[in-house]
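First comes one chain, alone, set out as structure tokens in the form predicted alone.
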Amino acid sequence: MLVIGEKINASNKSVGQAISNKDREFLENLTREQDVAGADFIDVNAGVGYGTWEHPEAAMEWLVELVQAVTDKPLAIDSDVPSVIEAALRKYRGDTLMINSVNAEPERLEAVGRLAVERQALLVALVMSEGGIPSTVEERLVASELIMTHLTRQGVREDQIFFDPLVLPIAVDSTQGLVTLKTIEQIKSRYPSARTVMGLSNISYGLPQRGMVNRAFLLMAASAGLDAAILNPLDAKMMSVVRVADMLTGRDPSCKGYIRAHRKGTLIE
């Protein structure tokens, strides 16, 4: 399973302040820590309108350059504004790239799909449209079909697309865990070459002992066919569960990765 490190995100108060204050040391250290912890991608989200930044595009350009200076891991450029994504790509120098994200809105599909084609980027696609997050599996599958049809017509390959089935807090609606899992299963059945990704921590929002909930849901999602997760790679228990998930779903032949992690002492119960 691919791990996308979630920490460089302006929605986190300390990170937002660091971006506002241009605190290079704080952000560089956070990048290095995620790299060492085993993140496969580093998510980069500069937010909108932070502090002294007059334009979000400038903030994203600065942040992409900063992160790239201290890691060779590929980046996930995270914004719902096409012009901010485009600004990030002007500064990005890596070969492998993920864009996060697009949804079923035609204008965004057109703009972000074009960028994905130009850069041969992996693309996170949220299974929602202008009306917000659908509450049912069926509605999410309708959005996924609109996305797939539009993007492949533009020239995006099916295997470039990472569908995000969307995770709503279980504390708000106790059916949403199963809705997400069933959406993953259906997407994997309909689009065999496409992949799936989700922001894991949303499931436990508003609950106590969130880590336990997140880890359990990751294993369930892996069984349903999840290919990647946006999570905190500094959580050693969570990273241990990633190793277990890979082993139990046949992605770790002969359990070599699990055994190697055990020998390194990085598995935490």
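The numbering used is simple: start at 1 and walk along the sequence shown. Bear in mind that the values here come from a model prediction, so they are computed numbers and not experimental data.
The following text describes the form predicted together with a further copy of the same chain, which does not appear among the structures shown.
Using a 4.5 angstroms limit between non-hydrogen atoms, residue 174 touches a further copy of the same chain in the model of the complex. a further copy of the same chain is not drawn, but in the model of the complex it has no heavy atom within 4.5 Å of residue 201. In the model of the complex, no heavy atom of residue 14 sits within 4.5 Å of a further copy of the same chain.
Although the partner is absent here, residue 69 is not a contact residue: none of its heavy atoms lies within 4.5 angstroms of a further copy of the same chain in the model of the complex. The stretch from 85 to 93, 116 to 124, 129 to 137, 180 to 188 that comes within 4.5 Å of a further copy of the same chain in the model of the complex, counting heavy atoms only, is 180 to 188. Across the proposed site, 219, 250 and 254 without exception bring a heavy atom within 4.5 Å of a further copy of the same chain in the model of the complex.
In sequence order, 219, 220, 222, 223, 237, 240, 244 are the residues of 218 to 244 having a heavy atom within 4.5 Å of a further copy of the same chain in the model of the complex; the partner itself is omitted from this view.
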